[in-house]
Structure formats: C-alpha cells, structure tokens
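Quick setup: one chain, the form predicted on its own, written in structure tokens, and binding and motion questions come after.
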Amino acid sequence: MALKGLDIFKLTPKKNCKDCGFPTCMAFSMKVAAGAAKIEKCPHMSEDALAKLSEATAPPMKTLTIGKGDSEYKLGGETVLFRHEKTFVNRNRFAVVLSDSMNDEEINAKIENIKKVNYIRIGEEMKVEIVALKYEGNKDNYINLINKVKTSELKVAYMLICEDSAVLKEALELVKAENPIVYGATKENYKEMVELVKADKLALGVKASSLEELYGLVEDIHKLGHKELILNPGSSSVKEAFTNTVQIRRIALKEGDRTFGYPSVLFVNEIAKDDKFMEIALSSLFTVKYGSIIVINDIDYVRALPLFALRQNIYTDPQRPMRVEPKVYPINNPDENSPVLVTVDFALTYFIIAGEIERSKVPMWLAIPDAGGYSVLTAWAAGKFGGSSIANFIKESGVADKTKCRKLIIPGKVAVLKGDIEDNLPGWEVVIGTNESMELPKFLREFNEELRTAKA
C-alpha cells in the first residue's frame, strides 16, 4: 500500500535543506506521496530509508528493462488503466517467433522480413523489437537457431522460450550478455528457472493453467527472491486471454496488489491459429488492452502499418500533439528551380500534405516551421503560424540556398498572411494555395505548368 506524506516525512532527515528542490521536507514528502517527485531526489536519505520508501512509493506495476544497447526497452511501469486518465508509460513491443522445428528457408524468410520492415514514422523507428526463440524438442537445432539470429545482424532483444532448464542453461550462455527474457516458468520447474535467472536479474516469463494458479506461482517465485517477472494471462482462447489480461491489470492498479504488478506477454500467434488477419485484429486489441509483449508469427507491411501506427497513437501523451521535426523536406526530388510550400508541424497535416505533393509528382520543397504541433487554423489563432514566424523560418532554414525560385505557397485558409509574409520576406512572391488538401495535386500541376511556360 502506498505511504502517506506524513509516513514519508518521518523517514526524511528533516533538515529543510532545499537540496531536493522543495522548501521543506514536508513539502517534498507530500509531492512524493502524490507521485509528483521521486524519493531519490533527496541526497540525504539513509540507504535503509531509501530502500523502504523506494518500494513503497514505486508504481504498482514494476518496470522491467530488457535487451541491451540500441535494443534496450522498458516494459510495465503503468499507473492508470485508461490513457485519458494520465498517459501510458512504456509502449508494448512486438516479437516475431522462430522455432527449432522450422527449416532454414522459413527461418531465413522471417529474418529477412524483420530486416525489411523498418521505417520512420513521425520521428520514431518502426520495427520488430524482439525475436522469440522457441524450443520444440531439438536441442542442436535450437542452439543453431540462436547462433543464426546472433550472426544475422538483427538489432533485437532476445526472448528464449523454453521449459527445459538443462537446454535453457546452455542456450542462455549464448545471449546472457544481451539481457534476454527467459520464458517458461511453470509450477513444475519454477525453482530451476529462478536459479538460472536470479543472479543476473533477468526477466522471467511465467505461465499457469488459470489466474488463481498464476497468482500462487508468482507468490512462490517471490519467496525465492526474484521479482523480475512477465506474466502470461493465457492463450487457449480470445476470451480467456482478454479477460485475464484486464483482470491482472485491474488487480495491480486498482487494488494495489503487487503480486500481479508485472508486464504481460500475449502469444497472439497461438490464439489466432495461423490466421494472419485475426492475428492483426488481436494484436490491435492487446495493444490497447494491455499486452506488454505481443508475439506474432511473422512481420510484413500488412501487419506493421496498422499495428505500429496504432501503438504510436496510443502511447503518446494525449496532452501533447504529435509533431514532425521542423525543417525543409525535399519531395519528388526538387532542384534549384522548385518552389517552396509551407505548412505546420502537426503530424497529421504533414503526412496529408506530403502525400498529396507526392501524388502531384511536382518537385517541391516542403517547409515546416515550429508551429507548436497545431493544425493550420489553430496555430494561426494561437500566434504560432504568422507572417513573421514563417518569414523568419524561410530565412533561417537555408531553403533560399537550395532553390532560385522565389515562390512561396501558403495554405489557402491563412491567405490573410500574404501581405505580412511579403513585407518580412523581400524578394519572395507569396502564392495562395488551396483550402483543401485534396485539391492540392491539381493546383500544383497547373502552377508548375505556369512556371515552365513563364520561363519559356
């Protein structure tokens, strides 16, 4: 149960030194109790007090770190059931499963698919983050499979799916330095599994035949001193997986029961029974409710585009708009004769406008100033997208060095800015564009033809 401010205050040094950034120890304690400050901000806490308070004030769901280097990810740490209450913290991760029963052709194809599906969306790299390596009875093949993935140049975290502790011990030596997930603890083997992962504090995946059995198994693992766990809510049916996943999250967050305060792993590939589109549907479901790791059979753009976009939308702060980087974007291979079009940095606006420019096939420099992440009219009304700010961006962006064309196209809905921009941007002609994005391709083609005719 979380401590109250007075309980925390009793463990502070009561120096009122302000080193934590707050005027008094009591003020600091109240902020810690409310979750607005971390106990580690006090540099004078005793180690004993820190140990007690860190556990008591930690989120009801534990945060786990998996992987290493560029493939390091955090799971869990959630504090709310619904995104609108606050925000979700650590996004779910997708894992593609490979097994020792697959032939080289199947394995190579999946590895190539993982490499192929890698793209940037709104400044974030979209890719599969985890490879789940499943042991199905052939130890030599399993060891070879792990080595094959290691030498494939995939930048991924590893998840070893194996219930045989003897095989797992040998397999673990190959990837232990990569901080892998070890999945396969059951009521029959949990002692041996804990023994393998405890020293290195590796994440241990736990499964059971029912929610009650899973709860008891987690308690038994706690008694052995290991609290780096990932829970499998079940995969025998959609109903079981969904009901148990939600129940685990509610017990942890609403009832404050840390026994279930861990990330979850959903084997969507097993529930979907080789139905690719059912797999996409279920992966979407558990992206929202509440799969920390979602295991799928394979990856391609049919799966990736909806799943990665949904995840990015769900795991962004609803109070902060999605933005693209303010800069000049070349579209359709523009050159020194290409005009400039300006719009805002709101991600949806950028992707719509960029798509319409691509569709027009007209070479264009797309200028994106800092407009606060708002839409065109909202940014204009808020003073973020005005004549002086647009003119200053054009001057500072260096686009004038990229093109000799001094035509600047602005959105039709802010035509009122034309005079102000021209006053602040001598030598440039401001052209009023369309009100609607769907009219842009026709407008740009006609405008481009006029430019060519004028030169002739």
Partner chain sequence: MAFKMSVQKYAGKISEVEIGAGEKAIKLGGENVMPFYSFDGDVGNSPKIGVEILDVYPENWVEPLKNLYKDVANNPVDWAKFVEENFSPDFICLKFEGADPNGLNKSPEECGKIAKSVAEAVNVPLVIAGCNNHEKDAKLFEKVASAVDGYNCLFLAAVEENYKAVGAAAGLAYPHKVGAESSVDINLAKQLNILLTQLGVKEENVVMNVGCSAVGYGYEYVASTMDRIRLAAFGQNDKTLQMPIITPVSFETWNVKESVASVEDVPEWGCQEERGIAMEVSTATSVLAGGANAVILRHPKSLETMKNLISELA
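Positions refer to the first chain, counted from 1. If you superpose the two forms and keep the largest set of C-alpha atoms that fall within 1.5 Å, you have the rigid core. Keep in mind that what you see is a predicted model, and the values were worked out from it rather than measured.
There is another form of this protein, the form predicted in complex with the partner chain, and it is not shown here; the text below is about that form.
Here the marked residues H84, K239 and E356 all reach the partner chain in the predicted bound form, each with a heavy atom within 4.5 angstroms. Using a 4.5 Å cutoff between non-hydrogen atoms, E219 counts as a contact of the partner chain in the predicted bound form. At the 4.5 Å threshold, heavy atoms of R250 reach the partner chain in the predicted bound form.
The partner chain in the predicted bound form is approached by R121, whose closest heavy atom lies within 4.5 angstroms of it. K276 belongs to the set of residues with a heavy atom inside 4.5 Å of the partner chain in the predicted bound form. With the partner omitted from this view, the residue of D257, E192, D298, E228 that lies near the partner chain in the predicted bound form is D257 [heavy atom within 4.5 Å]. For the options V288, A199, A109, A382, the residue carrying a heavy atom within 4.5 angstroms of the partner chain in the predicted bound form is V288. Partner contact region in the predicted bound form: 301-309, out of 184-192, 301-309, 362-370, 137-145, criterion any non-hydrogen atom within 4.5 Å of the partner chain. Along 320-343, a non-hydrogen atom within 4.5 Å of the partner chain in the predicted bound form is carried only by P321. The two forms, fitted on the rigid core, differ between this form and the one not shown by 2 Å or more at the CA of A371. Core-superposed comparison between this form and the one not shown: the Cα of A177 travels less than 2 Å. Relative to the superposed core, V302 undergoes a C-alpha shift smaller than 2 Å between this form and the one not shown.
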